[in-house]
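Quick heads-up: it's one chain on its own, the form predicted alone, in structure tokens.
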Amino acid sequence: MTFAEYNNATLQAPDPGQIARRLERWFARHQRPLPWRNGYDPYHVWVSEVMLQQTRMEVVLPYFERFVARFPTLQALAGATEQEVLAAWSGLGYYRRAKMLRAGAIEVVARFGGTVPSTVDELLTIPGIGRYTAGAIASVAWNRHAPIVDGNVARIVSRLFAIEHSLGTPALMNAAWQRATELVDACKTPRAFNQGLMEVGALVCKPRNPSCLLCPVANDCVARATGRAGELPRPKVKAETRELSIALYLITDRKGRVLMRRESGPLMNAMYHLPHGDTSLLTGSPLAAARGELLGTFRHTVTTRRIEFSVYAGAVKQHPRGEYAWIDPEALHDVPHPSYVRKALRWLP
């Protein structure tokens, strides 16, 4: 049964005001004790939203605690170097987020006196803040009536209103933004409503096997009423996965330092990588190194690339020119690097 058939049969569409009230009450009772909810400091909310983009909550929590301990205020973040920020972000992935967060902090200090703006229009003028993040900061930090749509929200409203479009399509996102706007406009407390919407998506209305019996808006859901909760939203076409094989070289000096190269390409830019063999993943020519013993192999995934790394002992006759540096493994936390580097360093003598 489609939404139109359901609406014609029941003569009643889901009521945004009723949905909003139920989600606000549910959030008041079931919200998780997350660190950025202690006072809703706008800077902390901003950092959390950026970290949570494409990253699971359980991964983000320890990084958030360390990051705000290292940069306790927006001014501290704005005054840090890019390398310091990337080092604090190392291992979290998608490093462009960290660069844009720092750039945004610099902009807020310069244009807004260090106070994070409270309106969506002002927030959208800040580097790195898009429509979702602007809505999240405005509603969660400042309690403004601003809609938000991420993957969780798109899934919930797709089921609530039986939106037929596929995941990842502009049609679904446009419809989701329209419904999210109707819902937040009907709520009493945007901070509670939007977080309730996200919490239900994370904990109850999951992509597979949604827990409809625990859902506070199950009685409002067209997909549940029509037996389609497991079918909506329609699946997206998956991006093709690429299989890569890359040789890495562990090259050390007499002090035990490891030779690394600062990447300058579009992927993981400004991060320090181990010298590598021929690959299209990283920029720069392969290092002219003498390949020694194969120390081990491991697999690692970067976006749609599944990579098998082969780690070799290596040697060079002279210090390479360019963006190479000798890095102390004990001080790796001070150097921006992708998480695969630590996996490779397990074979250091």
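This one's a predicted model, so the numbers in the text were calculated from it and none came from an experiment. When you see a residue number, it is the position in the sequence shown, counting from 1.
Although not depicted, the form predicted together with the DNA is the subject of the following passage.
Novice: Counting non-hydrogen atoms within 4.5 angstroms of the DNA in the predicted bound form, say which of 70, 300, 30, 291 makes the cut.
Specialist: Looking at the other structure, the residue within range turns out to be 300.
Novice: Pick from 96, 111, 188, 257: which has a non-hydrogen atom within 4.5 Å of the DNA in the predicted bound form?
Specialist: None of the others qualify; the residue that does is 96.
Novice: Suppose contact means a heavy atom within 4.5 Å; in the predicted bound form, does that hold for all of 55, 150 and 342 with the DNA?
Specialist: Yes, each of 55, 150 and 342 comes within 4.5 Å of the DNA in the predicted bound form.
Novice: Which of 114-122, 249-257, 85-93, 224-232 has heavy atoms within 4.5 Å of the DNA in the predicted bound form?
Specialist: Of the stretches listed, the one contacting the partner is 85-93.
Novice: Does any heavy atom of residue 142 come within 4.5 Å of a heavy atom of the DNA in the predicted bound form?
Specialist: Residue 142 lies outside the contact set for the DNA.
Novice: How about residue 41 - does it come within 4.5 Å of the DNA in the predicted bound form, if we only consider non-hydrogen atoms?
Specialist: Residue 41: no contact with the DNA in the predicted bound form.
Novice: Check whether residue 207 has any heavy atom within 4.5 Å of a heavy atom of the DNA in the predicted bound form, and answer yes or no.
Specialist: Residue-level check for residue 207: yes, a contact with the DNA.
Novice: Residue 74: heavy atom within 4.5 Å of the DNA in the predicted bound form?
Specialist: No, residue 74 sits far enough from the DNA in the predicted bound form that none of its heavy atoms falls within 4.5 Å.
Novice: Which residues in 18-40 have a heavy atom within 4.5 Å of the DNA in the predicted bound form?
Specialist: If the 4.5 Å heavy-atom criterion is applied to the DNA in the predicted bound form, 18-40 yields 32, 34, 36, 37.
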